[in-house]
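Form predicted on its own, single chain, as structure tokens, below.
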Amino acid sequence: MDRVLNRAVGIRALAVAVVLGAFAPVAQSQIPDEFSNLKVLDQAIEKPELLETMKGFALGLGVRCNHCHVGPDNLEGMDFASDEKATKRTARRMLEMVRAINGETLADLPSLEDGEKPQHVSCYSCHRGLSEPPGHLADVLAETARDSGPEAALEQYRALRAEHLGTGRYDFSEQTLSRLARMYAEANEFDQALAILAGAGEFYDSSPSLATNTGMVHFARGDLEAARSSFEQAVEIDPEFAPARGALARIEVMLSQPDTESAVEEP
């Protein structure tokens, strides 16, 4: 775990260095001392403050100057005043939104105590270092699953996890894959649901919740013995895990009394 955390910290540090390193030469040699087309930022903003603001945008979206400004990939001869790019016009609207959220919405939360400073949002709050805000990972995987099947979704999960774990860009918790499995189970595609849960077991093999969800899929397809085995596994992992204990008790009754109308309630 320490190695994973250290690697994640190292990746973030490297990303910051790359972005700032790419920005610094432009900041020193090309950004003018006077600004002619500021429409949201203060007209009297000082150059150092403007540079810090632009760095914040770049880091929040994981982009360089020419994401919004007109100029080549090598950033030579940038036309900072031009409004040609839609991304720059969008950035202005997003900046207005962020200011409204920080200055009005969050500052007026009824839960704030006297003197307590409100939380604030930034570009990174939504973008997480990506040029477009990432959707919920379960939705991203569901789209892949619909197009290419559960194995493709699992491969996508593995690849994204290897690249982004520790960055905060996606939710890699077991709930993400459980949500995807639920989608399949609700469509009575039980083999696909079990495949997703088995894939989740690569990362969460000691989770009583995952074993319980697996049992629920077996139960839904009518395989009571397999369901009992999964619930027993969940209880073995955590003897105090109430959903698994309750489900196991009910299924024991069903197996001992085949005609009973008892049901296993979903945790």
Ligand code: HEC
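Don't overthink the numbering: it's just position in the shown sequence, from 1. In this text the structure is predicted, and so the values were computed from the model without any measurement.
Below: the form predicted in complex with this ligand, not depicted.
- Taking a 4.5 Å heavy atom cutoff to this ligand in the predicted complex, the contact residue among Ala142, Met97, Leu165, Ala107 is Met97.
- Distance criterion of 4.5 Å from any heavy atom to this ligand in the predicted complex singles out Leu50 from the list Leu50, Ile237, Ala226, Val70.
- Interface residue remark: Ala81 is counted as part of the site for this ligand in the predicted complex, having a heavy atom within 4.5 Å.
- In the predicted complex, at least one heavy atom of Thr90 sits within 4.5 Å of this ligand.
- In the predicted complex, this ligand sits within 4.5 Å of a heavy atom of His127.
- In the predicted complex, this ligand lies within 4.5 Å of some heavy atom of Val40.
- Stretch-level contact analysis of 31-39, 212-220, 238-246, 199-207 against this ligand in the predicted complex, using heavy atoms and a 4.5 Å limit, identifies 31-39.
- In sequence order, Val40, Leu41, Leu50, Leu51, Met54, Lys55, Phe57, Ala58, Leu61, Val63, Arg64, Cys65, His67, Cys68 are the residues of 40-68 having a heavy atom within 4.5 Å of this ligand in the predicted complex; the partner itself is omitted from this view.
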